[in-house]
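Take a look at this single chain, the form predicted on its own, given in structure tokens.
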């Protein structure tokens, strides 16, 4: 019977071992730390449990959801979600709610955001190579600076112009300002393109005692089947010859060198470390490519507060530039079992750093004091409420998507393809900012490859939807119209099968529907700003009678006049009126297209029935 050696006991590594055990293949999992779970571990301090960041168990992949439930059973809880953004002394609901956003930004700022969005639609960046260009094109530059720039640069430690647009495309590709406004005004169940968008963002699954519980239980299940997880083994060398790995050599915490052999090898190590460990060493260009890969380090300051309830959120994004922390977790709100005393709360203050930063090497006491000061500064706690605290550091927590990482990955991937029995999976194994479920799916693919299937682990989360909304088709199966109709694909289980386009889809492909919110916003902004500029121009021109023709608009726009106050009134009313007209036009056009599709559908059904009778 073949055997596998798996480097790393995080979600990807343990999932690979668990999946292989179902195929009757034994494995040995090597973990450098004294605790399993990787970034998804749970740390216990004085009975208070906390994550290395927050780890929701949310997925659109049914197989992964089944694995979670299979491993954890009744300890897999369903929990409510609440998260907000803190910026400029205000808390903004996330996802966006119109009244809350308006109250936080104020009407003038909200108007400026709308104008900035209109400008982005009229004069977008010609290229989208970096995150700033990608976000500004979709949200406008002003909203980018408020809700994206500060937080993103806290997380990555580099300017947004140096972050590849790939990161935005992967993490926020389904978001848009019109969609956010639509959800804020009409709720998250709006029908769009024949689909009902059912948001799943309001709840998630979570282990009773934190995410580490999942992987500790997985380790126990593997051990019961004779598959060992060896902790405290840091892999230093991966010996290969003739296109195959022969063994892995590691070192214990006591300095002892140990060797592990097998038939198949799966690595979740950071790619940079993996390339450096290969023996013999790869070509110079591969080593150079690996050395260019960068990783963002992570540090969390845990504070124990003498308060039963601090804030209602699971976590809060801290966009305020006056503090260093990027996010704050309230572990008690993830699961009440995370704290031993219901009269206390434990908070996790997340700092994103490089290991060369001064703060990385600060003492525990100094970091705890920083955390207390920053929490008090934004009004979350009083300093005398904190009775204890600790610090946990995690190196190489986040692979960095800079402007050069793709080129480096292509070189590394091409070389690794020459080693037949070695696969890399997981976040660091693929240098991809995957969520836990996607990391697990890469491990499932790798395990299935070992038994002879053919899956591309690098394809996971490149074309998959990331965001937390499920799109459910409202129509029942539709009849095929013509054998010559263009084909697309549908999902059946986990397979893709071809199908023919329906009349509605053919029309939608030929006549793209208009987004009523976007159309309304564009028309409203153009009308309002255009009227405002025209009025101000006439005022600056002056004369005995200023703008007699333009003044006729006061018959339509109540309160409008060719004066400065009248210009402001006209700006607001023209924006509102333009929005309504643009929205109505787009809605009527879409209705006409839907009606035409319905007529074609009826005609196709009639033809189908006639053929059947013949």
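Residue numbers count along the first chain shown, from 1. Fair warning: this is a prediction, and the values are worked out from it, not measured in the lab.
Although it is not shown, the form predicted in complex with a small molecule is what the next lines describe.
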Is it true that 54, 233 and 269 each have at least one non-hydrogen atom within 4.5 Å of the small molecule in the model of the complex? yes
Partner-facing stretch of 541-549, 580-588, 556-564, 31-39, counted where any non-hydrogen atom is within 4.5 angstroms of the small molecule in the model of the complex: 31-39
Heavy atom within 4.5 Å of the small molecule in the model of the complex, from candidates 265, 317, 139, 398, belongs to 398
From 260, 298, 405, 445: within 4.5 Å of the small molecule in the model of the complex by heavy atoms is 298
Are any of the heavy atoms in residue 9 no more than 4.5 Å from a heavy atom of the small molecule in the model of the complex? yes
In the model of the complex, residue 327 touching the small molecule (heavy atom, 4.5 Å): yes
Spell out, yes or no, whether the shortest heavy atom distance between residue 350 and the small molecule in the model of the complex is within 4.5 Å. yes
Using 4.5 Å between non-hydrogen atoms, is residue 435 touching the small molecule in the model of the complex? yes
